[in-house]
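Have a look below at one chain only, the form predicted alone, in structure tokens format.
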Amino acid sequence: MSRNRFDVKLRNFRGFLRLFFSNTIGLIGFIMLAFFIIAAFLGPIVYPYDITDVAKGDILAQPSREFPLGTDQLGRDLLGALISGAKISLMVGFMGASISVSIGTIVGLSAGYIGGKVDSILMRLTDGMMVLPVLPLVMVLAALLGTSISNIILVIGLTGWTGTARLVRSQTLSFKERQFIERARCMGANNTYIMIKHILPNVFPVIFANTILVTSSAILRETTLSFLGLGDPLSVSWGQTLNGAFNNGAVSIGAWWYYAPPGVCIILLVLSFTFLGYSFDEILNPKLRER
């Protein structure tokens, strides 16, 4: 029995890969994301960068053979900062999204399956979080907790779960009335077992596709905080680089190498997650795939 179940899962996984690699948008997003992941983890080894290594080159020097993307206002190599910033953006994106999706999944499953007063309380809490302006809330929490990377990840995770909770709740309401759930209840399964063993696996494809989109939102929020000066001053991020370019008038003096590369990287990285999210949604949703 277990062997047959493994064979079925293997065939489903192969089918998923076949559909994914035949999806043009998804393939483009995968290639873009793979490039940034390789640059984030192998780039600092090949091209090391130290944020404290000031005055290595001329101030705001144009791109040259020694500095392919020029230097900033302290003479630091901007290519090294760009490569180091990729790791921060990916780490904040993945970890912040993990916290958001975990909270949203727990809230959505509990509200949708248990219902009653639990559903009312959790959904009113979700509604209250959704009506709050996200950016000011994130800024206030980041300022109160401190500007370390761990605090920024925590703030992003605690403020970005509401959409996932709503999505998971709607899917749970659909599955909880189906016959296989009724059979599990008749066999004596408790609510926790049913939610984890029966409903969560069926809701997981939607959660997985939503996680990709939540990751892109987390990256944008970290970039926004760093650009506004609420990022970790001891680490290098693309938002922090844009903040330095803005504060030193890079646009007015025509220092395009200071602000254009990190801006393009942010756009491409967010686009890669967006492409992946839409492609996964299309593959995992039969109606969208047929359309």
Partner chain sequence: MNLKYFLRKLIQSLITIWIVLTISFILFRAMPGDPVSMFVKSDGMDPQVAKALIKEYGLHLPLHSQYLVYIKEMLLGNFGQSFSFQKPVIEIIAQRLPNTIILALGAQIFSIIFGILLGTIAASNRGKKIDVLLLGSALFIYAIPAFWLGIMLLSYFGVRLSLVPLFGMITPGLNHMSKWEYFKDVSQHLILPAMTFGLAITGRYAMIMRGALLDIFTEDYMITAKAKGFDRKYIIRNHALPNAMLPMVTVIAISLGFVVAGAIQTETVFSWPGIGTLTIKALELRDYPLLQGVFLIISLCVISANFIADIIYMYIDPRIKYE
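Not measured: the values here are computed from a predicted model. Positions refer to the first chain, counted from 1.
Only in words, not in the display: the form predicted in complex with the partner chain, which the text now covers.
- Query: Which residue among I28, I59, I37, A260 has a heavy atom within 4.5 angstroms of the partner chain in the predicted bound form?
  - Reply: It is A260 that has a heavy atom within 4.5 Å of the partner.
- in the predicted bound form, the residue from L200, L173, L135, L154 that sits within 4.5 Å of the partner chain by heavy atoms: Residue within 4.5 Å of the partner: L135.
- Message: Even though the partner isn't displayed, in the predicted bound form is S237 close enough to the partner chain, meaning a heavy atom within 4.5 Å?
- Response: Heavy-atom contact with the partner chain at 4.5 Å: absent for S237.
- Message: Please determine whether I267 contacts the partner chain in the predicted bound form, using a 4.5 Å cut-off between heavy atoms.
- Response: Because a heavy atom of I267 falls inside 4.5 Å of the partner chain in the predicted bound form, the answer is yes.
- Message: I'd like to know if I196 sits close to the partner chain in the predicted bound form, meaning any non-hydrogen atom pair within 4.5 angstroms.
- Response: No.
- Message: Residue-level question: is L90 within 4.5 Å of the partner chain in the predicted bound form, judged on heavy atoms?
- Response: L90: no contact with the partner chain in the predicted bound form.
- Task: Could you tell me which of 41 to 49, 28 to 36, 62 to 70, 238 to 246 sits within 4.5 Å of the partner chain in the predicted bound form, going by non-hydrogen atoms?
- Result: Selected range: 238 to 246.
- Message: the partner chain is absent from this chain, but in the predicted bound form, do G115, F208 and I212 each have a non-hydrogen atom within 4.5 Å of it?
- Response: Not a single listed residue reaches the partner chain in the predicted bound form, so no.
- Can you tell me which residues in 215 to 249 come within 4.5 angstroms of the partner chain in the predicted bound form, by heavy atoms? Stretch hits, in order: L220, T223, T224, F227, L228, L230, L242, F246.
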